[in-house]
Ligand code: NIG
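The chain that follows stands alone, in the form predicted alone, written as structure tokens.
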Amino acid sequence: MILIHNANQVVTVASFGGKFKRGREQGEIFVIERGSVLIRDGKIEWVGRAIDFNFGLYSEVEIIDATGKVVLPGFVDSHTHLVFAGTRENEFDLRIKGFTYQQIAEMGGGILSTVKRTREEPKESLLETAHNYAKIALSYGTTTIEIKSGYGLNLDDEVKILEVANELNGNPIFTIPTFLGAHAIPPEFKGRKDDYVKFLIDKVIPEISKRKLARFCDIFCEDGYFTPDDAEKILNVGRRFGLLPKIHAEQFSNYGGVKVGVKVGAISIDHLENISDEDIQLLSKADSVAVLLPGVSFFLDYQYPPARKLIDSGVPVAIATDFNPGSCMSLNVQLMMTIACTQMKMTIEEVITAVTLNSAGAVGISDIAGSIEVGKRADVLIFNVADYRMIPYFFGINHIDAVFVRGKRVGIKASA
């Protein structure tokens, strides 16, 4: 047993059985001053005030002195594309010089340039690179990470990416794989989008399901990529094969992705930079989590999703990195928290909920992760700060002192 003892603050983000928090509740994080957390067999055994802990009930307790420090649930990064080959710093340079994301894609860059390199990369090499990225994520406090495919765009390479995502699970952090074969139209299907959609439906989704390689099915619903009709077809087929729906919606335009996501019962609807007021009202009545990606708007220099309006309308909001080589090469959830506060006008408390409980809800694990509550997995962070508000305040500085994954203290030193 491990007792994280006498922390200045234990930020529990307790949900009392709720899958996520919405509206005013998103800002309720339930802080215990001078708190302690007892861990046994990888789970939270007890949480409360340090003064109330009864040492007489437990023998052989390892005590971690957290005096003057802050304890939080492990971060859940609910939207990433972590498995890929190569980097695209040349495109970063082009964007600085005024080229748009779409223009760069038309010049041979974008998603398909990463597809080419990922197809060429052996699985072992992809696994090594992805493992290093996972260690970097862990060093910033991410204890669970969602990983999308989508840089293979054929059966063999989509399988390869998802196998890597699965092999990373528990080494060093928990992974949740998502099938995103509908990320772009591959070169061999150029001008034949309908044939590619049929290929995904008839061949790829059934095989991914048969091999139990993914938990979710996602699609990039956007002008020039996949239509709302495509999204409805693919996500419904995915559901029939046991893959729960997710959707990239309204990133570059208001294209109808939210309506499809709500219709098919998507567990999360992600991006939403161009969501309309009508869509917000629709989403406020649904049980989908809005996963917002502030690092993308920061990196691509375009508008941020209307987080304040979403929360005030009762939409549950999560924050994730969207780590990928084209639009957000950062795994620093703490930095995303700061950007969400300063640029999207979320409160610090709302942001903490967004990267813990609500992100866990966006990947269907809030019953076991995302808050410090008895019976949940002991994924716990200790920060060397005296007040939780200092975490986003010190932007770009990592004050993590210790990370526990399923109750085991893990090394957090990593380099890019």
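Predicted model only: the values in this text are computed from it and were never measured. Quick note: we count residues from 1 along the sequence shown, nothing fancier.
There is also a form predicted in complex with N-(iminomethyl)-L-glutamic acid (NIG); it is not shown, and the following applies to it.
Proximity of residue 251 to N-(iminomethyl)-L-glutamic acid (NIG) in the predicted bound form falls within the 4.5 Å heavy atom cutoff. Heavy atoms of residue 239 never reach within 4.5 Å of N-(iminomethyl)-L-glutamic acid (NIG) in the predicted bound form, leaving it off the interface.
Looking at residue 220, you'd find a heavy atom of it within 4.5 angstroms of N-(iminomethyl)-L-glutamic acid (NIG) in the predicted bound form. Residue contact check for residue 111: one or more of its heavy atoms lie within 4.5 Å of N-(iminomethyl)-L-glutamic acid (NIG) in the predicted bound form. Note on the partner interface in the predicted bound form: the residue among 101, 255, 199, 299 having a heavy atom within 4.5 angstroms of N-(iminomethyl)-L-glutamic acid (NIG) is 101. Residue in contact with N-(iminomethyl)-L-glutamic acid (NIG) in the predicted bound form (any heavy atom within 4.5 Å), chosen from 118, 288, 324, 143: 324.
The three marked residues, 88, 151 and 271, each reach N-(iminomethyl)-L-glutamic acid (NIG) in the predicted bound form, with a heavy atom inside 4.5 Å. For N-(iminomethyl)-L-glutamic acid (NIG) in the predicted bound form, the listed stretch (80 to 88, 304 to 312, 158 to 166, 118 to 126) containing residues with heavy atoms inside 4.5 Å is 80 to 88.
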